[in-house]
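A single chain, nothing else alongside it, follows as structure tokens in the form predicted alone.
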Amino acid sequence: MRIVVTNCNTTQEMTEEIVRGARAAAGPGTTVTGLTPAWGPESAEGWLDSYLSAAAVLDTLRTYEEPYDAVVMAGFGEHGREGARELVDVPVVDITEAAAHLACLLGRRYGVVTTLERSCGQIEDSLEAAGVGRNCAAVVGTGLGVLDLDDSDRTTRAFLVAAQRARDAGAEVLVLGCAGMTGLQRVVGEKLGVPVVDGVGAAVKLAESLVSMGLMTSRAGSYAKPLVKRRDWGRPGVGRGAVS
């Protein structure tokens, strides 16, 4: 089985970390390939980054020519999953949905610990769209940017503080709210005394299950194949604004 994992940003080091987590979760016989968009934000933190990231990830999948059996979208709360389901002919599993669905099997209410507070509303909207928002007790930020997560000691400390806030809000299960946090569940799980779900691992296992059961994205309605028409995907240097 071949699973493609798409990073939502252009930082290659983060892709490599995500792939390590995905391979640790994958079963025997599953190969994992990480894809890094050639363009887009270096980290996705906010609405602008998210929409830009979604287009870049879709462009990456559109132009990737090697065969694969499933896609894992490794951007927590980021846009694009619905478009990817229209675009490709294999199951697409978003780490946000995957983590939340598994968390709902482990406790009545879950909490998400993420990076910056500015991402919390976006994650809440993503969970609502996936139909699992009602079980979310809280989405709490650590105050760390995505690119700050390479400092493991600092990340662990910040996660534990934010996790307590989620616990105080009623969370019985915790979810890692960023693909860059992959692996942290092993460090903090015992200290917190509650299950901690990693979205990358959850998405890989769900993708494997869908493929092994022969299940594909429904084409009856919402995820029907895109209409045949001309689509201009943009050219470098054309239409650039002043936002950087």
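These figures come from a predicted structure and were not determined experimentally. Note that residue numbering begins at 1 and tracks the sequence as displayed.
We do not show the form predicted in complex with a further copy of the same chain, though everything after this point is about it.
Problem - a further copy of the same chain contact in the predicted bound form: Y68, any heavy atom under 4.5 Å - result: Because no heavy atom of Y68 falls inside 4.5 Å of a further copy of the same chain in the predicted bound form, the answer is no.
Problem - Proximity of L106 to a further copy of the same chain in the predicted bound form, heavy atoms at 4.5 Å - result: Contact with a further copy of the same chain, yes.
Exercise for the section: Report yes if any heavy atom of R157 sits within 4.5 Å of a heavy atom of a further copy of the same chain in the predicted bound form; otherwise report no. Expected result: No, no contact at 4.5 Å.
Practice task
Give a yes or no for E190: in the predicted bound form, does one of its heavy atoms lie within 4.5 Å of a heavy atom belonging to a further copy of the same chain?
Solution key: No, E190 is distant from the partner.
Exercise for the section: Can you work out whether a further copy of the same chain is within 4.5 angstroms of a heavy atom in all three of A38, E82 and V197 in the predicted bound form? Expected result: Every residue of the spot touches a further copy of the same chain in the predicted bound form.
Practice task
Counting only non-hydrogen atoms and a 4.5 Å cut-off, give the residues of 122-151 close to a further copy of the same chain in the predicted bound form.
Solution key: Residues within 4.5 Å: E124, D125, E128, A129, A130, G131, V132, R134, N135.
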